[in-house]
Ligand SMILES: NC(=O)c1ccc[n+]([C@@H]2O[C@H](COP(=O)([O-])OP(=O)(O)OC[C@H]3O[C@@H](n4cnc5c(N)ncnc54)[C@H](OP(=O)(O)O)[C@@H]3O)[C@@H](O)[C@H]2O)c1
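This document opens with one chain alone, in structure tokens, the form predicted on its own.
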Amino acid sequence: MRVVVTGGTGFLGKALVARLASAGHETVVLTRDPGRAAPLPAGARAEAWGGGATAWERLVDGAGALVNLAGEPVAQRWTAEAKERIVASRLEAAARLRAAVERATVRPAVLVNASAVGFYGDRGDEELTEESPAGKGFLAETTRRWEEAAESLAPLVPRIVRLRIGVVLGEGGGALPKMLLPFRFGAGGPLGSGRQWVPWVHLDDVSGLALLAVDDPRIRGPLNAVAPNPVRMAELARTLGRVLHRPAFAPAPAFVLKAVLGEMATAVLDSARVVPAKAQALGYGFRHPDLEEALRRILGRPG
């Protein structure tokens, strides 16, 4: 089956493209810069996004599945201009996909659209499943609108999956390099109070859940892409310190984070105890359900 992936040149996108290709799917990365997609595994190729809709229409017509990961990174200071770009990039990608699907003679059977656990907002100790409602704040509003844009394809695509991705840990990108820096200088510790829940997930399991969403016709609607064992920020810091053999008792107070990061500090200070209820009910076997094992594997620090 041909799978078209937008936003496939980033940290998550490259891992997913490799996973799709290894599963035997003809995988096409639709990108503004095909050079960024290299090297690609056997069975995958890159196509130029271009300025018009031609590439989108040609590739979408006859594709079995679409995976939409496109969007401006949220890890930046949230100025008014940045917020506008973050939202607009997500809505634009969905609109272009819809236009291409409308013109297709043979339409895709499934759209797997990236979203984020930011959908749930700051919820304290409440356990959050796919049935939990949206929260409040910029991230929650942005992901809600992102999901609504994806759902606008429902009259055209029989199955739509909204992949709510947690804090991705993996080698060579994601959140982990930023976490490691203070530990390397002996100044590691929890961010904020340390009591907020962190819905982490290993990169292998995000790509595995995305592949499952492409292949399994039982999956539709929201799908939490998080590990089954969320941890509090303090536990995350202690575990990382233990793996690195570095101290983990130097907290970064919330007021410092807000001064440095502005409103974006909510992304690390908010608490979201998200669980993968749907994936577990379907019997998905997580490769890395335990935080310490996951960190040791990524950092090459056997126990």
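A residue's number is simply how far along the shown sequence it sits, counting from 1. None of these values were measured; they are calculated from a predicted model.
Just so you know, the form predicted together with the named molecule exists too; it's not on screen, but the next bit is about it.
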| message | Counting only non-hydrogen atoms and a 4.5 Å threshold, tell me whether 31, 72 and 114 all contact the named molecule in the predicted bound form. | response | yes
| message | Tell me which stretch of 167 to 175, 128 to 136, 214 to 222, 180 to 188 has a heavy atom within 4.5 angstroms of the named molecule in the predicted bound form. | response | 167 to 175
| query | Using heavy atoms and a 4.5 Å limit, would one call residue 119 a contact residue for the named molecule in the predicted bound form? | reply | no
| message | Although the partner isn't part of this model, could you tell me whether residue 10 comes within 4.5 Å of the named molecule in the predicted bound form, counting any heavy atom of the residue? | response | yes
| said: Taking any heavy atom pair closer than or equal to 4.5 Å as contact, tell me whether residue 152 reaches the named molecule in the predicted bound form. | reply: no
| So in the predicted bound form, does any heavy atom of residue 36 sit within 4.5 Å of the named molecule? | yes
| Taking the named molecule in the predicted bound form, which residues of 77 to 91 have any heavy atom within 4.5 Å of it? | 89, 90
